[in-house]
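One chain comes next, on its own, written out as structure tokens in the form predicted alone.
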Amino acid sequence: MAPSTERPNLAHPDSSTIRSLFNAISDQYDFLNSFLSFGLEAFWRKQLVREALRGFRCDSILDLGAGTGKSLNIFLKAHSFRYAAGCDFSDRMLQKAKERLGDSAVLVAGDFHELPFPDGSFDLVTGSFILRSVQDMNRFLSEAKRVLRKGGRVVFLELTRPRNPFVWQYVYQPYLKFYIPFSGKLFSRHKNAYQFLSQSIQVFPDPEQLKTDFESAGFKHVSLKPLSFGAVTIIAGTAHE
């Protein structure tokens, strides 16, 4: 089959495009995450874990868009779970996660818009840098809520845009438009993967809109915690108490 000459919409790509992008960069994914964030992504993930587990009794965890298992690994080192699972639709990412996690978590290939788990299976549903890949936010949040027990918690870490106009215009916007695509192409040899990262951040809803989406999906006590001048945000909520 001849390759399509149609340029993909990298701000809002379809699921098959996203899957192919992540499969293509699986070998460089961890290195580039650290390089492009100037090493901050490790700190951000630890803050996610701290926020998720603070004052919360948690026996089971589901990591959506688990990728190479980096965040789930930090959770497992910080807390003893009775049951841990990760879900991702990139087979090559899951292979990396299996190498990292071994038998400490169940890894499932699947679409997080239609989770292969029974109702009320988990105390905690989490994910790192995946919300920009969601095709249908209402359906995604409905599924996350469905697999949570009553009083369960969702906690997500996502790249967002700084609110400070100076930081956005003179620091972060040039970083998104030039540094990320150039570095991604240089190290991964896959231009589109990091164009997706750059473009999707620029058009992604702001955290306040995300908070509204979570509340509309039925989550309570929804909170936002910006980090690094708002370059990332932790959004958390509680399922039907």
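Each residue number is its position in the shown sequence, starting from 1. Everything quoted here is computed from the prediction, not taken from an experiment.
Below, we turn to the form predicted together with a small molecule, even though it does not appear here.
Just one listed stretch, out of 107-115, 75-83, 143-151, 160-168, contacts the small molecule in the predicted bound form at the 4.5 Å heavy atom level, and that stretch is 107-115. The shortest heavy atom separation between residue 101 and the small molecule in the predicted bound form exceeds 4.5 Å. Contact check for residue 93: a non-hydrogen atom falls within 4.5 Å of the small molecule in the predicted bound form. The small molecule in the predicted bound form comes within 4.5 Å of a heavy atom belonging to residue 66.
Residue contact check for residue 219: none of its heavy atoms lie within 4.5 Å of the small molecule in the predicted bound form. With respect to the small molecule in the predicted bound form, the three residues 18, 129 and 133 uniformly fall within 4.5 angstroms at the level of their nearest heavy atom.
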